[in-house]
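Quick heads-up: it's one chain on its own, the form predicted on its own, in structure tokens.
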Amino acid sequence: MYMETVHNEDTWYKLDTAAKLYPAILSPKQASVFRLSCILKEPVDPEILQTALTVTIRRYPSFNVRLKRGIFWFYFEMNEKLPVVRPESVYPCQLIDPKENNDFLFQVSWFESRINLEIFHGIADGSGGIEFLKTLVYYYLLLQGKNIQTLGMILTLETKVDPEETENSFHRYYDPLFQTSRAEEKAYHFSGSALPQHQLRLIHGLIPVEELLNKARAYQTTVTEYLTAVLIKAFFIADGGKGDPDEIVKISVPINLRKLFPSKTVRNFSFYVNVGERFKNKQNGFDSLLSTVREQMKDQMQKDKISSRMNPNVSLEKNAAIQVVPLDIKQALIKQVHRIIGDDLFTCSLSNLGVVSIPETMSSYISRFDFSLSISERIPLNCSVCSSNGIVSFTFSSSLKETSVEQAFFRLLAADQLPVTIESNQG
């Protein structure tokens, strides 16, 4: 066990606006953890990986923290311990216990040629997490003696930490005069027989990037819109005619706000749009479904609409009356609000991290990246996507024994002439 300490200046952070949700809803059934994995072309050397992590953590002060309980809010303070690499031994995206993890809120593990980075959503979103993993893999390959360069695509110790990297960007773009309600109609929820406790099944579907891009172009749509429409249709098929005609399958699509509001933060800076279709319209055909998805995405993705829906979160955070409410009461309130404007409003999430950009000198040592989400009691199935090295990796995370949604989804892609390779963490 590594017992060294990292000496840092005495620094603490407020949780960012999105992060304040996660301690309130945290439980073994809602871990709020996501996994980013890099599959190398050679087996992982755990000692070199440990050294690489020891270097990497010095570059990311907002990861080098532990969660502390205040009177009114949780907060982060610098963690002077060192994170420890361990062999993968549990199912993916489980609750991270800081007491067993040197107080850190992320965990690095390895299995054969795969490096896993699992992150409690309170410290970062997928975009921030992938920057950390890219740095970790860079130092790992460098310490192996590989001839690689950053080409300005990797954050390293040679690049000074920009204050923007640790900012709460929700505050920077907050406009108290520009707000709207986030009330929505409740969504259909898929259910089935639960896997044994703490088990999470991952099914990866691997698709050539060019094939998927060409398919989306043929439909005159984006990859995310196309996959969202296919996913909605998969739920229609998997339901087997049991759904109420007026019920609506809604897919929650996280949005990387950095593309709308310039920001360098590696903390949370994402929001979402919910798009869907009713069971009574499931016979209308795929082109009609895709058109509905495309129209809803175009409407909701307008910058002013996203801004007006995310601003109420900051207003609540800044409210003087709320500020002085004791933490336990705040936590109960946040948990209740989350159910009303959170899990009740969508069937499943589909998070597309996009292209993981790495220098060509690094990509020759890497097969691909994967991205996986945890689930919750209300949402037992989630989906995530990323692409790298010419491969799109689409991942289903599920706590259900049934695989009817996954089967329907991949059969729909195959019927649409897309070549899909399937991998799973279960036999």
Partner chain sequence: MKKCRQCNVWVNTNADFCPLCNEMLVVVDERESAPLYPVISEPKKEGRKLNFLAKIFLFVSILASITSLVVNIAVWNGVFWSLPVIGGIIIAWLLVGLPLMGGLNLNYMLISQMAGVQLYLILIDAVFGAKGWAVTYVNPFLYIAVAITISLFVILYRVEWRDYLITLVLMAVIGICPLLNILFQWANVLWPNMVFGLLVFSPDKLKKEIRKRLHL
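Positions refer to the first chain, counted from 1. As the structure is a prediction and not an experimental result, all values here were calculated from the model.
There is another form of the same protein, the form predicted in complex with its partner chain; it is not shown, and what comes next is about it.
Notebook entry, point to check: Closest heavy atom of R66 to its partner chain in the predicted complex, within 4.5 Å or not?
Noted result: Flag for R66 set to yes.
Checklist line | 4.5 Å heavy atom contact, P43 to its partner chain in the predicted complex | finding: The answer is no: P43 has no heavy atom within 4.5 Å of its partner chain.
Check: Looking in the predicted complex, any heavy atom of E88 within 4.5 Å of its partner chain?
Finding: Within the cut-off, so yes.
Notebook entry, point to check: Does Y22 reach its partner chain in the predicted complex if we count a contact as any heavy atom within 4.5 Å?
Noted result: Judged by the heavy-atom cut-off of 4.5 Å, Y22 is well away from its partner chain in the predicted complex.
Margin query: Can you work out which of L202, L195, I96, L213 has a heavy atom no more than 4.5 Å from its partner chain in the predicted complex?
Written below: Going through each option in turn, the one that passes is L202.
Item checked: Contact residue in the predicted complex, from R114, R258, R278, H189 (heavy atom within 4.5 Å of its partner chain) -> Looking at the other structure, the residue within range turns out to be R114.
Check: Tell me which of 175-183, 127-135, 141-149, 69-77 has residues with heavy atoms within 4.5 angstroms of its partner chain in the predicted complex?
Finding: Answer to the contact question: 69-77.
Check: Which of the residues spanning 411-426 lie within 4.5 Å of its partner chain in the predicted complex, based on heavy atoms?
Finding: Counting only heavy atoms within 4.5 Å of its partner chain in the predicted complex, the contacting residues of 411-426 are R411, A414, V420, T421, I422, E423, S424, N425.
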